[in-house]
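Below, in structure tokens: the form predicted on its own, a single chain.
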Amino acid sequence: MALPIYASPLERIWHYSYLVICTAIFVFLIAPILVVIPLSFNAEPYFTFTEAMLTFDPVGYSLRWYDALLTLGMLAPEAARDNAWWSDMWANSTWVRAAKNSIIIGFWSTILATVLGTLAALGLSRPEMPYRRVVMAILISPMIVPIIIIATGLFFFYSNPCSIMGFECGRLTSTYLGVILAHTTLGIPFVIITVTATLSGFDQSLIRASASLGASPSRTFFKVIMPLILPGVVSGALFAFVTSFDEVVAVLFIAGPDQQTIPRQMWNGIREAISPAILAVATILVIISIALLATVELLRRRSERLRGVTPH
């Protein structure tokens, strides 16, 4: 925004100093992310910029690390890339298997977190709900409590879920169900917060009007409430999915060898054999995150339009 012509010299100094400070903070936050992207195209197995890359020599750039994401763990990575090669890649590639696990676990945990979080937000939005602040604090506590504490508690609880009732039963550790439930626990607070924020501008008289016209509670929910809170629900679902997709601590405690996710595989790669393929994965995750954040922003603007608020 341009300064008015009547701005004093001190105001002009502060204006330009403010722009410099904001730019420096932005560069400080975004630079570590942007550096990863060109390094993922490094033709050499290094985590630094080579001379060829700095001079923009095409020889210094390569897609070899993106190709390594497909071939690592394959039985015959050097074979001709026919149907048999793609079948081998889909069944045995380490990174592809991790991606499939991340998508499966993220999908089901997002479904559960969205349903449970939306129901909780609807209940907390009711003025007659007793102890709303206490219940809200408990439900969003996974966002506040350190993840290492939550993961430790989930590990001991999932090792014998029936222990609180005094008998033994099947454990949930090293199972897909255990990881899905753990990620659901971490995703519910995001859904509750986004849906509650959407409901803050919801006109409760619409529910009474729907009931006075003979609509059942279920019909009122799907025809009146749901269309208005849908942007908040979808935003919460996206946050829950990103939380599941990026989570590694709970996976380290609860998952077994068959439930390796992308963050867990990146962790293993750093510990066992450092490879620039990790940078290629990081670049893909950055692109996915940007796309999801753009989607959330579009949904936020749509929600504001539905509530009659001018988007900023």
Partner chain sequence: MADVTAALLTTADGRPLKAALAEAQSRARRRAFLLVAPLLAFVVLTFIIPIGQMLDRSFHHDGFSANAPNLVEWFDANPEGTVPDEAAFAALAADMKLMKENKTAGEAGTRVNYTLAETRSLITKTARGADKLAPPFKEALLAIDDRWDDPAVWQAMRSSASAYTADFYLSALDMERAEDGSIQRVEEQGRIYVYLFFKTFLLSGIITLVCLLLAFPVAHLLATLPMAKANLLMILVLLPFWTSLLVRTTSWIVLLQGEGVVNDILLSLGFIGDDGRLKMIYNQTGTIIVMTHVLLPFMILPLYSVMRVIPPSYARAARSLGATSWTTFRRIYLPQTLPGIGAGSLLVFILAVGYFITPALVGGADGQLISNLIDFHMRNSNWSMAAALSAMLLAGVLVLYWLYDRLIGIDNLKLG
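Residue numbers count along the first chain shown, from 1. Computed from a prediction, not measured in an experiment: that's the story for all the values here. Superpose the two forms; the largest set of C-alphas matching within 1.5 Å is the rigid core.
Separately, the form predicted in complex with its partner chain exists; it is not shown, and the next lines address it.
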item: Output flag, N42, L75 and D82 jointly within 4.5 Å of its partner chain in the predicted complex, heavy atom basis; value: no
item: Contact label in the predicted complex: L154 to its partner chain, heavy atom within 4.5 Å; value: yes
item: Contact flag, F253 vs its partner chain in the predicted complex, heavy atom cut 4.5 Å; value: yes
item: Distance check, S141 to its partner chain in the predicted complex, heavy atom within 4.5 Å; value: yes
item: L116, heavy atom within 4.5 angstroms of its partner chain in the predicted complex; value: yes
item: Heavy atom contact within 4.5 Å of its partner chain in the predicted complex, the stretch among 99-107, 181-189, 202-210, 82-90; value: 181-189
item: Option touching its partner chain, based on a heavy atom within 4.5 Å in the predicted complex, out of I150, V224, A215, L230; value: I150
item: Members of 277-296 lying within 4.5 angstroms of its partner chain, judged by heavy atom, in the predicted complex; value: I278, L279, A282, L285, V286, S289, I290, L292, L293, V296
item: Core-aligned C-alpha movement of E297 between this form and the one not shown, 2 Å or more; value: no
